[in-house]
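Starting off, we have a lone chain in the form predicted alone, written out as structure tokens.
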Amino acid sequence: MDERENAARKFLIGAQNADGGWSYVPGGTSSPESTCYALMAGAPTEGACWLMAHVHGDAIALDGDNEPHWTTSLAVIALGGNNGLQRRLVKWLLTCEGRKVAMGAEVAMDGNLRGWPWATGCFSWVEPTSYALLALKLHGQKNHPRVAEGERLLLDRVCADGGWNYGNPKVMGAALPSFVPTTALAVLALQDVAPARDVVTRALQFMNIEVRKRPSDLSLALAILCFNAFGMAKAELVEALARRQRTDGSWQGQVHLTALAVLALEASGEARNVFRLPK
């Protein structure tokens, strides 16, 4: 897989903007998500300077916007180490919380549980909560009360089919379907939670079936990273992802998908898994 990974990294190097960051597609405006994933995948470290220049207060912010951005979690992971900036970002994550919501009988979940929102002051969603939990656990906050509450929120949001939707498991009495990317992120966030073992096992079984039905690049990459974190080799998924690489080294010509594919291939080759939590 080294040849494929090298070709992908060449694509990422070529896609880097003059300001040091990365857009979702080459030539676009640099964004925190694509920059974070490119850095995780081993792209030039100048991107860290772009990220650091986009810290407003104690969180990542977009150009021309002082509002804290959900990619603060990704920045904590991407920057590595344990420097002063990371400690500031972690401190902000511990204070950020989704808004409590009064729930009626039509929505089956606990609206008092606080996870993390896409935007400050909004509802807690599965993906930003999962990213925040991973970032905090990777940086020594496993036992913090906010982490425990975030874990409870994910366990409260499990869908009837065993995985996770974006937010609600059921609305107006109708069970909502789960998706592989959201399920993979939630499982990764819960990988060290012993009481969640049965839930996680069922979610992995859901993913193992669903990713074969709808094998998007995003689903394949996140599923590979998730299975790998549990020591479950899935060679057929790795081969399916590898076959989708374009001649320019990318996946769909997109930076974040290419970076995620690199991380998945890297993990499958028994190298590091950026989302594996310490034992």
Partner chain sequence: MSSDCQNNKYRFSRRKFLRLASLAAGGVGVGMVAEHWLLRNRQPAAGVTIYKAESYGAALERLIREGLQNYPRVLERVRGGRVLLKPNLIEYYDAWRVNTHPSVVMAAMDAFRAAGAREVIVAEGPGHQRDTELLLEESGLGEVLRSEKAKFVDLNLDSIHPVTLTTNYTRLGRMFFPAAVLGADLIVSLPKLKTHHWAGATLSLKNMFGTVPGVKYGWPKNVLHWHGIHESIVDINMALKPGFAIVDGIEGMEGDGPLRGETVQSGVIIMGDDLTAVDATAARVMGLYPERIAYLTMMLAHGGTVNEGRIRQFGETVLNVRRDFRVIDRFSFLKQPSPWRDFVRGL
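Positions refer to the first chain, counted from 1. Values in this document were obtained by computation on a predicted structure and should not be read as measured data.
One more form of this protein exists, namely the form predicted together with the partner chain; it is left out here, but the text below deals with it.
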item: 4.5 Å heavy atom contact, Thr45 and the partner chain in the model of the complex; value: no
item: Leu138: touches the partner chain in the model of the complex, heavy atom cutoff 4.5 angstroms; value: no
item: Partner contact for Ala174 in the model of the complex: the partner chain, 4.5 angstroms, heavy atom; value: yes
item: Pro145 within 4.5 Å of the partner chain in the model of the complex, heavy atoms; value: no
item: Region of this chain that lies against the partner chain in the model of the complex, out of 83-91, 196-204, 114-122, 148-156 [heavy atom, 4.5 Å]; value: 114-122
item: Asp2, Arg9 and Trp50 all contacting the partner chain in the model of the complex, non-hydrogen atom within 4.5 Å; value: no
item: Contact set, 187-221 vs the partner chain in the model of the complex - heavy atom within 4.5 angstroms; value: Glu210, Arg214, Ser216, Asp217, Leu218, Ser219
